[in-house]
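The chain below stands alone and is given as structure tokens, in the form predicted alone.
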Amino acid sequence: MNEVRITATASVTGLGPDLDTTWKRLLAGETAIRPIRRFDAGRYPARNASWVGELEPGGDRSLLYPLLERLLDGFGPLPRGCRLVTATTKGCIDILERVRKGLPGDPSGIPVSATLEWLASRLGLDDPGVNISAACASSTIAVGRAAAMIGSGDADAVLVVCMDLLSEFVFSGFSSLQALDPAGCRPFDRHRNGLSLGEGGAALLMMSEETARRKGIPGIGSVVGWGAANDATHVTAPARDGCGLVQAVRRAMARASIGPDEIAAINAHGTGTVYNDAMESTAFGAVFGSRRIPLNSIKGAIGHTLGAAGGIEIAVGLRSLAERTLPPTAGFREPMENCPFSVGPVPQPIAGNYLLCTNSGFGGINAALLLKGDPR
């Protein structure tokens, strides 16, 4: 597969309104998981999440729009003919909540098509766009789709916008599954007891090498391989043997024409649930053997941002390659059982040009991306 350049990134997370702030606070080992103020969480066992402060709704408008305005504020100009791919699992879910509670809210704003239309107008794009909703692997697959569009010559440039809100609708669902850790998530820790939800967004501008070179646009890094596979095992639980994730990672390596020894580090899904982290450890063991490769998860710092997770992690992953540093895994203290990988509560140095990013989700979906750092 031809390399697809990523030429601009932006993110909004509970740690900060921009990627620089999020990166600095990640390196400092900070976490944005704190008591929820968005809604009354007093009736749930877990009452913490990572949320973006000072998001103010305008009348009956969804909080997703001020989040997107913050994300896109200052984002550079887009090439003519740029296509649009979005990733979200629940979009304007807060409007649905308001309507169900009898509060002001416009039901026409609930379908994700309304958000696509707003984005296309806000960005001056002719492309109406397409949304990827593939559970927690949504944005990883969206970036893979954008890379495929560019690699096949179907597009010269694609903007990928990833987003999801913290909502009581989603929070109550995960609480019913007993999947939330009241103490805050602890990825790959022996005492992990569930995930913490988060919210946020990411924007990634992607284009072909030729287009970037012709326009004189410097790259931040490249997508050199991607893969996706479904383990077809359970609605909410992963396959214990990690077969879907193994297949996704091997497909990504095959597209990139590289082997496991060339991958410098892994940005794992790392939700902090017992079964997800065990599945990932098993899958990475099948791919990397006994090699003690550096691995991290940033969900102990920014929470699980669902459809935005992969996009944010790709933006952070590119910074990791540029700085040759893997941020710490917030919440991690004691290694989980049967984990041969190097996970740390402090930043880890990495050597090499390739970073593996993975995400897995309900329905058995697994996705993997291989990022290459800019040699300059």
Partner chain sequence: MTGPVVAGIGWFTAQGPGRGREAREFSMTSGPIRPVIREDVFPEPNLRFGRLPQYSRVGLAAVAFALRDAGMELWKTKRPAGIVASTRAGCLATDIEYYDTVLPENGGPPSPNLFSSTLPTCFLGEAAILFGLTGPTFIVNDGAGDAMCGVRTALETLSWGETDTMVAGHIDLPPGPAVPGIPTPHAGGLFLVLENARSSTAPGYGSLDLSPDGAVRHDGVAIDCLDELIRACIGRSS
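Residue numbers count along the first chain shown, from 1. From a predicted model like this one, the values you see are computed outputs, not experimental measurements.
FYI, the form predicted together with the partner chain isn't displayed, but the following is about it.
Q: Can we say 275, 321 and 325 each have a non-hydrogen atom within 4.5 Å of the partner chain in the predicted complex?
A: Judged in the predicted complex, none of 275, 321 and 325 sits within 4.5 Å of the partner chain.
Q: Which residue, 82, 264, 256, 243, has a heavy atom that falls within 4.5 Å of the partner chain in the predicted complex?
A: Result of the distance check: 243.
Q: Might residue 209 be said to contact the partner chain in the predicted complex, defining contact as any heavy atom within 4.5 Å?
A: Result no; residue 209 lies far from the partner chain in the predicted complex.
Q: Quick one: does residue 297 come within 4.5 Å of the partner chain in the predicted complex, counting heavy atoms only?
A: Output for residue 297 is no: heavy atoms all beyond 4.5 Å of the partner chain.
Q: With heavy atoms only and a cut-off of 4.5 Å, decide whether residue 156 touches the partner chain in the predicted complex.
A: Residue 156: no, not in contact with the partner chain in the predicted complex.
Q: Would residue 111 count as touching the partner chain in the predicted complex under a 4.5 Å heavy atom rule?
A: The answer is yes: residue 111 has a heavy atom within 4.5 Å of the partner chain.
Q: Looking at heavy atoms inside 4.5 Å, which stretch does the partner chain contact in the predicted complex, given the options 217 to 225, 99 to 107, 181 to 189, 118 to 126?
A: Among the listed stretches, the partner-contacting one is 99 to 107.
Q: Could you pull out the residues of 138 to 166 that have any heavy atom within 4.5 Å of the partner chain in the predicted complex?
A: Counting only heavy atoms within 4.5 Å of the partner chain in the predicted complex, the contacting residues of 138 to 166 are 141, 145, 148, 149, 152, 154.
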